[in-house]
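Taking the form predicted on its own, here's one chain by itself in structure tokens.
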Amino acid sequence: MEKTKYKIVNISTATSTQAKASILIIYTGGTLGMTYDESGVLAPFNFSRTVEKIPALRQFDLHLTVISFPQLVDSSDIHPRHWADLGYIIHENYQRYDGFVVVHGTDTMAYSASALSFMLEGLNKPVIFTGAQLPIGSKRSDAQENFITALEIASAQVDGHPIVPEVCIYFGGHLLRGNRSSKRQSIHFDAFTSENYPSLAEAGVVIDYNLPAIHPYTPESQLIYHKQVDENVVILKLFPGINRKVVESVLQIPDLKGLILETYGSGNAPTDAFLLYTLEDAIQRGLTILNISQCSGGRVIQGRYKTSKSLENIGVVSGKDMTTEAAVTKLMFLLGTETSSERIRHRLPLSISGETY
């Protein structure tokens, strides 16, 4: 994405010449940024009227800049190239702003937040994803609360340092680590959960930060932007009755490099000879296979039962307690940045940015 194509709006809510903080808002599209026009049709929100539409922002004493994608993207159409665009914008503007808020559709928000957590190595400032279940122009919308609180979190500091220097999702009163999050609700306002990691903050009358769970600020850290990801990844979800034709059709995808194997419980799989043979053959041909549980909580413990010991024996890598969203984006990231399959297999189960224990 060329910088000249960005749509840029500057907004000041500061009551003095010196704002308390400067925040870059990146609007990709999605429900939050929609409002009803004069004819009653949903249309993109005009961010130049942000203070007019959300007067509570005047209380925050902030300098805000909004960069909108030239073509707004429904979250169902988000692609790795959009992650690269987000990473580029943050990297190019990193020194100019105290924090970043990404307005994004909810359906793939956890994938985007997970991807950015890997692509922005050494991140030491807040990158807060948020969105809404209802458009900002709706009567009962959750958009204003999510947006305002995301801005407050992105600008929050103690002793001149950000409180939350990592990629997060703020939604429905909860601040969650981005690569620990999954969308679990399509009709309720608390759409996101983090089953295997505690909330980083709860927003009630005050914002109560869970400081021990938050990445610490590291003053010596330098941001490194990794642009390359490899999209040649697929998910294979096991189910009772899965047969040879299904498994072989997936493993024979041209140029396939990585497979997320969604197993039962703590990493268990059927012991059918064809399944183990087919997976082992694919691994020997160079395919990286990562074992992720279908359960939203808990973790893969390969070898705990005989049905997962077989996977360990043939070279399947344990995904431990990673979400599927983190597993997919982490595998894409490592395939795009590492040239050695041994290095990929070594780094997959290790924590890169807090996505696993």
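Because the structure is a prediction, the values reported are computed rather than measured. One-based numbering along the sequence shown.
The form predicted together with a small molecule is left out here; the points below concern that form.
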For this session: Verify the contact flag for T149: yes if a non-hydrogen atom of it lies within 4.5 Å of a non-hydrogen atom of the small molecule in the predicted complex, no if not.
Result: no
For this session: Give a yes/no on whether Q133 approaches the small molecule to within 4.5 Å in the predicted complex, heavy atoms considered.
Result: yes
For this session: Determine whether any heavy atom of T106 comes within 4.5 Å of a heavy atom of the small molecule in the predicted complex, and answer yes or no.
Result: yes
Exercise. With a 4.5 Å heavy atom cut-off, would you call G319 a contact of the small molecule in the predicted complex?
Worked result: no
Exercise. What stretch, of 67-75, 252-260, 273-281, 215-223, brings heavy atoms to within 4.5 Å of the small molecule in the predicted complex?
Worked result: 67-75
Problem set entry | Candidate from T324, T288, T31, S308 lying within 4.5 Å of the small molecule in the predicted complex - any heavy atom | T31
